[in-house]
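The data below hold one chain only, encoded as structure tokens and taken in the form predicted alone.
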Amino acid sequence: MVTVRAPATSANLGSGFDVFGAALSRPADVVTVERADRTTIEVTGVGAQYIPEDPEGNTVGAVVEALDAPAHIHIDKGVRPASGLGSSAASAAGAAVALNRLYDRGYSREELVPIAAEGEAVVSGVAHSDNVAPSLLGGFTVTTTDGTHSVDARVPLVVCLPDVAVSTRDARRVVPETASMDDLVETVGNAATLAVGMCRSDPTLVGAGMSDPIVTPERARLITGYDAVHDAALAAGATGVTVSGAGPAVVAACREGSRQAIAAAMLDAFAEADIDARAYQTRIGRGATVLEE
């Protein structure tokens, strides 16, 4: 038996659509696997009632198939489904690490990224890696067709999760198919600024680089109260604010000592829009961790 804690993640970070990702110190899923002749899945925790336990409909099932590693699998969800915090990716990453260890397959964490990404295709229809990569590797990640690069970063964050759902498929439908050259230039500049900020663990640069004129404005329209929450976080001291992944979670980059005030401001802004929400005072953290074997 192997038990793994796999963290929530924030993908895109505004300017890095389908490329950037960051592991969060909290929340997280806990995945436990035990050898079996036939794969079974049990799901408990946050939003468990919405997650299929049939291996063919669960992200973990695709990981089992890719690793040829049948098991009894228990997923304790700490990352709410349809949150924009890499819920399916956390389960897939946790299962990949646990099954790799259980069956001694010998894959590196980098080699597990495309395997775990196959699980993402079950949910979103696309085997993208911008969530599974940071959940496996930790820190800040840059994923392209050539692979994934990661860097440890120490940046405080607040993630505010409203009690509404935005599916990844719906959020992908609103992504523009074209963009102006001016918007592309602005986005590249912001992405470069954010990447430098991560390498320096500089929350001011990270926040400055979150702005994105192409994808984020379209996805923000799917989140009731987003503009007010964005402005409230900045007024409370956030260095940058954007949609986390597909949403509806909203992520704010912060300086040390400012997270509590920013979290309170974001919660108040959602409350003004009659939306219940939960705030996580978190930071960029470690990747999946083996807890027990």
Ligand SMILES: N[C@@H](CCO)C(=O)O
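Being a predicted model, the structure only gives us computed values, none of them experimental. The first residue of the shown sequence is 1; numbering continues from there.
Separately, the form predicted in complex with the ligand exists; it is not shown, and the next lines address it.
Sole residue of 263, 246, 229, 33 within 4.5 Å of the ligand in the predicted complex, by heavy atom:
That would be 246.
Pick the stretch from 126-134, 109-117, 188-196, 202-210 whose residues have a heavy atom within 4.5 Å of the ligand in the predicted complex.
Among the listed stretches, the partner-contacting one is 126-134.
With the distance limit set at 4.5 angstroms and only heavy atoms considered, check whether 18, 168 and 172 all reach the ligand in the predicted complex.
Looking in the predicted complex, the three residues 18, 168 and 172 all sit within 4.5 Å of the ligand (heavy atoms).
Since only the chain is shown here, I'm wondering whether residue 11 would be in contact with the ligand in the predicted complex (any heavy atom pair within 4.5 Å).
Yes - in the predicted complex, heavy atoms of residue 11 and the ligand come within 4.5 Å of each other.
Which of the residues spanning 211-237 lie within 4.5 Å of the ligand in the predicted complex, based on heavy atoms?
Heavy-atom contacts within 4.5 Å come from 219 alone.
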